[in-house]
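This document opens with one chain alone, in structure tokens, the form predicted on its own.
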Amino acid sequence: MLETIDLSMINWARAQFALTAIYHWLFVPLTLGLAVVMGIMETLYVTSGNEFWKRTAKFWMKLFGINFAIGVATGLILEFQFGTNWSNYSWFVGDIFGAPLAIEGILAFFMEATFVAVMFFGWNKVSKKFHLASTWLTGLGATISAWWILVANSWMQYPVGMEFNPETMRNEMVDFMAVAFSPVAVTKFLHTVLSSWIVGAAFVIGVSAWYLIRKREKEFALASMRVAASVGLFAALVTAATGDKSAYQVAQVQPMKLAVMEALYEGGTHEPLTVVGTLKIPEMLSLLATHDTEGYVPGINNILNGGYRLPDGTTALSADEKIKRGKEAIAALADFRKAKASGDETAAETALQTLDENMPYFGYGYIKDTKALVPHVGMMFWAFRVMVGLGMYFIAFFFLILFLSWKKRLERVNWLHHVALWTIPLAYIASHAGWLVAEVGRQPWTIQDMLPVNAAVSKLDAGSVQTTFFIFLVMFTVLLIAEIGIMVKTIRKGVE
């Protein structure tokens, strides 16, 4: 099943998936964020009967619709790549990974597709309350879609609820609830979706600020900024809280990710959290990672060399020992299948016992160099700081917008309008920095400790993947330019 693959093929497959994911994530957070903002605005229309809120909601719905359509196109291509470029991965864990994606497609996507039509075309055809329900259900469908996709992604970070079947050479699901509601999945869902609300809120505030700069649509702009800042401040605070929870989980199940986030080579107790350079917060890293200021946090070298005490009381194995046991597991699997084919049940039972003992290290058997177990330290270190730093900025930014709105001074603070406009790209930078931390920090694994990328990729010609990479690059760029152009035209036209 897992053959030797050309290194260039692995790199091009990774590059193509990264390209598609980066473009796709330009659209998803805005969809999730705008869904909440426009839902609140339509709720205000239905409860107050004020036509102003109807016009305001319809304007943001137009931008939602433009963004939603492009996001669907990139998302479909992303999912197809699991079958085309990562067929070994799909074979090895398809029974588990495919389940949440199938539910996402059958339930959430069709839910979105059904109610989005009512939302856009049903204003004068259904009752106010039914239309309001359709608007919220469209947003709920997008959120449920995000839930199942994040369940699948979280399982790659923290594989649970499955057993390896040596007869089929596949991992098979044995506990759906463990997969669907793992603590990592719940935390990742809250952190990701709430951070997407920040993107939507920053977008609404930035566009509204543009109207204030142009001295247009003042009532619409100020009202939109109040609603968006309320959503944004709530989302920023919850995102910070779930970020703390996520850091603790990463320390437990992906210690190497935490070590490279901090560029921590030699760990210890009472570890400080590095802000930048020599600026450190005493004992904060130990507190985040273990909920104890005296807690031990392993560094990169500690994880590679092993020998330190794990939370369960056992001693950490070195990377070399894990690779050795992984190779024993692979050899035992081959022996088991050979014995089964020849009808030697005794040999099969012996091989199966060896496989079971070493299965936790199966993926390490495909690692050729322990250096490959260390993600890119510089990228991770700075991406984490960009994410956290901008997260703190957004808390202050949304609070300031609400404060000035409450004081009825928001319209007169001209410098803040320009800051708000440039805050839109900052929201996207923060969002993508978060995904860099999550995904680059997992490397070299497609599934943590179970399947590295060099064993997950399809056996294809690198040239074909390279060709489609550039086709996708051109196509996605054209779609992005088209979306921005249509949005700018809609914004310039203003509220009808």
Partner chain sequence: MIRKQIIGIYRFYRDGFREMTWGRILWAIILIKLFVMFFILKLFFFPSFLKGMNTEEKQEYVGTELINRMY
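Residue numbers count along the first chain shown, from 1. What you see is a predicted model, and the numbers here were worked out from it, not measured in a lab.
Not pictured, yet referred to below: the form predicted together with its partner chain.
(request) Would you confirm whether the three residues I66, T168 and I330 all fall within 4.5 Å of its partner chain in the predicted bound form, going by non-hydrogen atoms? (result) Contact check passed for all of I66, T168 and I330.
(message) If we define contact as a non-hydrogen atom of the residue within 4.5 angstroms of the partner, is A73 a contact of its partner chain in the predicted bound form?
(response) So A73 counts as contacting its partner chain.
(message) With a cut-off of 4.5 Å between heavy atoms, is F181 one of the residues that contacts its partner chain in the predicted bound form?
(response) So F181 does not count as contacting its partner chain.
(message) My question is simply whether L479 lines the interface with its partner chain in the predicted bound form - judged by any non-hydrogen atom within 4.5 Å.
(response) So L479 counts as contacting its partner chain.
(request) May I ask you to check whether N358 falls inside a 4.5 Å heavy atom distance of its partner chain in the predicted bound form? (result) Because no heavy atom of N358 falls inside 4.5 Å of its partner chain in the predicted bound form, the answer is no.
(request) Quick one: from T274, T84, T143, T290, grab the residue that has a heavy atom within 4.5 Å of its partner chain in the predicted bound form. (result) Exactly one residue meets the criterion: T84.
(message) Looking at Y248, Y296, Y393, W91 here, can you tell me which has any non-hydrogen atom within 4.5 angstroms of its partner chain in the predicted bound form?
(response) Answer to the contact question: W91.
(request) Choose from 436-444, 423-431, 461-469, 41-49 the stretch whose residues reach within 4.5 Å of its partner chain in the predicted bound form, heavy atoms counted. (result) Heavy atoms within 4.5 Å of its partner chain in the predicted bound form occur in 461-469.
(message) Given a 4.5 Å distance limit between heavy atoms, list every residue of 443-459 close to its partner chain in the predicted bound form, or none if there are none.
(response) Contacting residues: L451, N454, A455, A456, V457, S458, K459.
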